[in-house]
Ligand code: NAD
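Quick heads-up: it's one chain on its own, the form predicted on its own, in structure tokens.
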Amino acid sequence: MSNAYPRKLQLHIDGEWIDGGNRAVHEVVNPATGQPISDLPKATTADLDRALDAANRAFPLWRDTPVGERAAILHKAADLMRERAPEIGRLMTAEQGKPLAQAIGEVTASASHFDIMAEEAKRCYGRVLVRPAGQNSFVKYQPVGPVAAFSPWNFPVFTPVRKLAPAIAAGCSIILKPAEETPASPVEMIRCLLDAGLPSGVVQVVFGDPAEVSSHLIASPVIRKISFTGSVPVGKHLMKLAAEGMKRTTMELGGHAPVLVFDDCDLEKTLDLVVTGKFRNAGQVCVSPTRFYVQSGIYDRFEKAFTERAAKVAVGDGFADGIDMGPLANPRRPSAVGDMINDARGKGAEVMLGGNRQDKDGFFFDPTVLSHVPLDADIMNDEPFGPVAVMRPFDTLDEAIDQANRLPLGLAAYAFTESLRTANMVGDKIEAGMVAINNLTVSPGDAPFGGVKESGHGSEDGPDGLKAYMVTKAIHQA
């Protein structure tokens, strides 16, 4: 595989790589330049039907493949991903914009998910129930069936692997639709699976108009399970489509992560972690630390030191040396983020740093810090999905927890304190699927990843993520 971005991209259906031909195309753009770099073919209705047929035919064969053989293919794919990480990372930086080191790191982290699920599949035990002599009752787990999976552009490899790895490990076939903005890096991940020996038809990769592709796939009786990562409105729409066929869903939707910074925290360590975390991937992270609630006794110190550190974040082309933050991923994001900042400024927020789109080619935006942001500002209620930290002071633990829980979202939350009692209270009281205390790690791969309230339902990763692709069956013998 060449480091050069492919001028022509392909679909993968029923074991065949398919060129554009007469199909409509989506123009892939480099966000660091704003210039087109490739054409991506959009699947036709006939392509989608062919993908459904292939997944339907492959499912019983893959379901009956011994788990050890499935695991061996996943392990081999993980090895290939690690070998090819520099090249896949270059594709990701070209199409998504994140710094190259972060892109390569995403690929290697994604590879570990294949390894984890390969082993989890071997440990997916059923159970035998206690019955009188001569009778047997037991519980077993079986793959749910063909899956339709939809993933976004912010983590072009890491998010799809969370769907591919458990589906394949469980014995399901899967049709994956990655984001049209970032197609090449997930396609190369699929190539690793195929080169590792994954049989034809187990995985298909399609692109196209998101609404058309999702409605067509979800409506098909072939599909038994839907997995989606993306916005709350789109997730709700897909759930309505899935309800027509009573299809299982895993929904990893939006977040707006609160960060509770207590006055007894290790301030320097906290700052080092949260500033790096906030501007990772230009804040385009569903679990990005965003709403900073800082205890009044240290608020001024925290605000000043955070701003000083944020001012040192190096912004530029992800291929350049020494870059901490690349561009936003598409032309929609700078204006959306800018509108939220202007709304907050108009309602009384203080702009401590940044606040503007950078005056150069591409979709670059300043690292931004807003202080004393009023609760009625849009950015305090809607996820900015950009390089913006918003801050407010608090006085008491109860006040901090109330503020953290005030939104209908609940994906990730963070807290920094040296008090065991405070840490325990935060862990118990925060309404979020994941809570990290004195760190920012919420997706280690062997732990469940998912939200509560409007941030979705179901879990990815670990044994919970594997079970999401299986059905529970009770068998009673007399």
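Being a predicted model, the structure only gives us computed values, none of them experimental. The first residue of the shown sequence is 1; numbering continues from there.
What follows is about the form predicted in complex with the ligand, which we do not show.
- Shown here without its partner, the chain carries F150, S214 and G230, all of which come within 4.5 Å of the ligand in the predicted complex through at least one heavy atom.
- For the residues E180, D115, D343, D263, the 4.5 Å heavy atom test against the ligand in the predicted complex is passed only by E180.
- Residue-level contacts in the predicted complex: of E120, E188, D366, E383, one residue has a heavy atom within 4.5 Å of the ligand, and it is E383.
- The candidate stretches are 270-278, 204-212, 318-326, 358-366, and the one lying within 4.5 Å of the ligand in the predicted complex by heavy atoms is 204-212.
- Taking the partner from the other structure, the ligand in the predicted complex has no heavy atom within 4.5 Å of any heavy atom of M81.
- In the predicted complex, N154 approaches the ligand with a heavy atom inside 4.5 Å.
- In the predicted complex, the ligand sits beyond 4.5 Å of every heavy atom of H372.
- Taking non-hydrogen atoms only, K347 never approaches the ligand to within 4.5 angstroms in the predicted complex.
- In the predicted complex, the ligand lies within 4.5 angstroms of at least one heavy atom of each of the following residues of 250-281: E252, L253, G254, in sequence order.
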